[in-house]
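Take a look at this one chain, the form predicted alone, written out in structure tokens.
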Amino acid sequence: MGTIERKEREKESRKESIIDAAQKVFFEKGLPLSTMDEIAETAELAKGTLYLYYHSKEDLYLAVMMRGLMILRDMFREVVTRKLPVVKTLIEFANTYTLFYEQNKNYFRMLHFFNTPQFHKQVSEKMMKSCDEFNQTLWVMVTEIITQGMAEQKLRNDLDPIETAIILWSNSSTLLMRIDGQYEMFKDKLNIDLYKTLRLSNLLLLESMLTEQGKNDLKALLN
């Protein structure tokens, strides 16, 4: 191994160690209460060393969050590789997103970063671009299935694929956030199982986007 290659591998190893430390701190305290000092201490590095690799703690937060996005991407890819019928694939996407939440709650909570614009100002342009480009791969996977469904006349062709993807994602995300923070309250006070509500909501929303052929496919899947 040459000197340049060895140094590059050492650099990547150091970056991963820093992200490991940042993940531990962020999972315990969240973004607002975490500090670069704590991350440096956890990584057993000088704080100045962290800034050689990451512009800010917000950059580090995105680096950790992207680990979660990678998990979600791989889970979605597994669904796509099964080459299921379009309606079944869309149902499996929703089920997979729920499974991602159940198995990776800390990563799921980190996705709320995008709901707090005040933190965005601290993120470097390079890191935000990297995150946006990776996030785009998830949207492409979903919109390609939706476009396929329109071509097969399973989904209404008066819908915009990306708008449809956003609607489906927003519905699931909102109810999963309720499940994450208020599941027991809804269960105790209203006798409502929010997981059941999520499944029903996903199905009703999907049905509204289907053609008659698509609705027949959905009916066959549910029977």
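Note that residue numbering follows the sequence shown and begins at 1. Since the model is a prediction, treat every value here as computed from it, not as a measurement.
This next part talks about the form predicted together with the DNA, which is not shown.
The stretch that touches the DNA in the predicted complex, counting heavy atoms within 4.5 Å, is 49 to 57, out of 182 to 190, 49 to 57, 162 to 170, 65 to 73.
Remark: M36 counts among the residues lining the DNA in the predicted complex, judged by a heavy atom distance of 4.5 Å or less. The closest heavy atom approach of K215 to the DNA in the predicted complex falls outside 4.5 Å. Contact check for L45: a non-hydrogen atom falls within 4.5 Å of the DNA in the predicted complex.
Using a 4.5 angstroms limit between non-hydrogen atoms, R199 is distant from the DNA in the predicted complex.
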